[in-house]
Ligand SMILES: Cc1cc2nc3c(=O)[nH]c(=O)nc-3n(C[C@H](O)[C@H](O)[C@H](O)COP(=O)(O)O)c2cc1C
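Only one chain is included here, represented as structure tokens and corresponding to the form predicted alone.
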């Protein structure tokens, strides 16, 4: 791997590898190999270099070695974590997107006490829900720095917080006085192998907003302003109580006019048969009896209960790209509705590029209109799927 030294002298290849491969490790913890106090002190010293509000030295660490105490903590952890053990039985072999994480979480529940050391990060203070939890904001970076220090030395752990549901029992067991809050308990061990990899995440361009919440751009701007060529978009999201299947039934049913906003159109399918990637439909706005425009749309992503994307006008040079994404969120679902303004074949780009000095203003004005309509759309979908 070629050196990639930053202006400040860091080897970015190594730094980036550490940051992108520090995983929650459960099934690959080596419970048979001893972890020395010296290593733990080293990692805690590094973790304590994390910033703290007002330079307040209120973080505290606790290492549990005694097997009897670890066993009792393991029992408390299992009382809270039994939901993972139960869920594993339902998900094993199903291919569900959460099958692996549930399986590994259940494994940790059953083996929590086997870790050579259980390390707790605590803070001197009580979270009173006042909206000003400064001490806790300062402790969390330190806890994550501890994870990074472990990873760089061949050790691993998982950010385990379920013992927070048993704070009184934990405090009594460990002799923790009043006024101290435990935040996380790390099961620390060497890892079996070191070949951890980055995991799929949404790209920065999908989850980073500029100047207004929900305003996205696909490419970095050269001068920080909004330009059509950088791929300007909008995202709105909403949580529902309904499961993904029910949300999908409404979001993907574009043949039924829904009087929410201009953004959901009454359409007719041009392609016959089963809807899939490549299917074509005709879309038009039909709000309040208007029929201002009609456009041909091509489905460019179609995954049952998860993704529905379509492009308007021209598939290679789309006027716009629209997309619904549905993800399981707790007992319900999160619906994400996004839109990307094309460089050509739409009125917005033509208006924006007509005067470079006004391009950002025109883009943002158009996005405000789209955002309002898109928000009404997802709220309307929520009202339908969450209704009895």
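Residue numbers count along the first chain shown, from 1. Fair warning: this is a prediction, and the values are worked out from it, not measured in the lab.
From this point on, the text means the form predicted together with this ligand, which you will not see here.
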Do residue 101 and this ligand come within 4.5 Å of each other in the model of the complex, heavy atoms counted? yes
Is residue 365 close enough to this ligand in the model of the complex to count, meaning some heavy atom within 4.5 Å? no
Heavy atoms within 4.5 Å of this ligand in the model of the complex: does residue 199 have any? yes
Touches this ligand in the model of the complex: residue 59 (any heavy atom, 4.5 Å): no
Can you pick out, from 123, 149, 113, 162, the residue that has a heavy atom within 4.5 Å of this ligand in the model of the complex? 162
Looking at 117, 155, 108, 236, which is the one with a non-hydrogen atom within 4.5 Å of this ligand in the model of the complex? 108
Among 50-58, 338-346, 24-32, 320-328, which stretch has residues with heavy atoms no more than 4.5 Å from this ligand in the model of the complex? 24-32
Within 63-82, which residues have a heavy atom closer than or equal to 4.5 Å from this ligand in the model of the complex? 77
